[in-house]
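The data below hold one chain only, encoded as structure tokens and taken in the form predicted alone.
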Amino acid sequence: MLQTTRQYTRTALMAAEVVLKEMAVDSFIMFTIVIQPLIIALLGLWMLRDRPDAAIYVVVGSGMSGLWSSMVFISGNSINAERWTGTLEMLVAMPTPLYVVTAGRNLAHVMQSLLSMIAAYAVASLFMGYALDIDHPLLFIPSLFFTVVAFISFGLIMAPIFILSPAVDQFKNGLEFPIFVLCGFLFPIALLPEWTTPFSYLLTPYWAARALHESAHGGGDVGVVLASWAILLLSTVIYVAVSRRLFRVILRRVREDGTLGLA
């Protein structure tokens, strides 16, 4: 068991390394995870130029937007890219389960997406003169860790859906900005109509954003942050369990239908 875990971990890390090298020279990916969130951050900072205390809220929110865009566009595209290049069948046929390789790829996507938060922080601090202080770093760092883990596991849910049907790729554009709004990345959900609140509570990115905002800019309410951590941890466990089942079911179906490589 221990040896298998080590082998899976090594495979996942190797997959992450390969993906990081690929993404470093991909202009579309760099725009998605760095330039677009930076534009969002600059617009937010400009609109809140009379509220310098809200700058860190915008910086964290723009970083969250980069994480979500990475999950929606890059994770899905990575599966379709394997299909287009004819390597998806080889990945599926490997002794190592596909979800292990996918987890490594998602790790690379999420870690590189954190560049958007760093870029926004640098621009706001160095070029716009905002004093950006994280109010509660001892809460912020674990919140960031739980956010990364939750997003990686959420990507494991999305991947088998893209394997099942390449047509899902057509709908991903519509999944980006509604999540920005419902999850309160750049402004509190209290500004939205009350009937939208239950939808926000059902979305894991909302709890990630809540933990990060509360520890970076909010009052540092330990109860709120701990509750967000608990929900993120529970979501991660559910996502991992469900994704493993999805991978088995969907891969068995595409093998039976012979549609794995069809676009």
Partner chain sequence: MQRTTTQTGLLYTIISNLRMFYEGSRLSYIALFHWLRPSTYLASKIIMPLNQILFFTFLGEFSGQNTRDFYVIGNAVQMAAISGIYGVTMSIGGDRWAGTLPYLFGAPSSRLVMFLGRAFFHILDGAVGVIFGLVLGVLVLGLDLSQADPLLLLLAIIAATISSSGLGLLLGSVSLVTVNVWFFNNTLYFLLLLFSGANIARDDMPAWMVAVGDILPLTRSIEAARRVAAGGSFDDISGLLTVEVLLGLFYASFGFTFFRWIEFQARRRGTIDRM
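In this text, all values refer to a predicted model and were calculated from it rather than measured experimentally. Residue numbers count along the first chain shown, from 1.
Note that the form predicted together with the partner chain isn't included here; everything after this is about it.
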Ok, Y130, F187, F140, Y99: which has a heavy atom sitting within 4.5 Å of the partner chain in the predicted bound form?
F187
State yes only if every one of V72, S228 and V240 has a non-hydrogen atom within 4.5 Å of the partner chain in the predicted bound form; otherwise state no.
no
Is T204 a contact residue for the partner chain in the predicted bound form, using a 4.5 Å heavy atom cut-off?
no
So in the predicted bound form, does any heavy atom of F31 sit within 4.5 Å of the partner chain?
yes
Does Y57 reach the partner chain in the predicted bound form, with heavy atoms at most 4.5 Å apart?
yes
Consider D50 of the chain shown here, and say whether it contacts the partner chain in the predicted bound form, taking contact as heavy atoms within 4.5 Å.
yes
Tell me which of 118 to 126, 151 to 159, 174 to 182, 132 to 140 has residues with heavy atoms within 4.5 angstroms of the partner chain in the predicted bound form?
174 to 182
Residues in 232 to 247 with any heavy atom within 4.5 Å of the partner chain in the predicted bound form
none
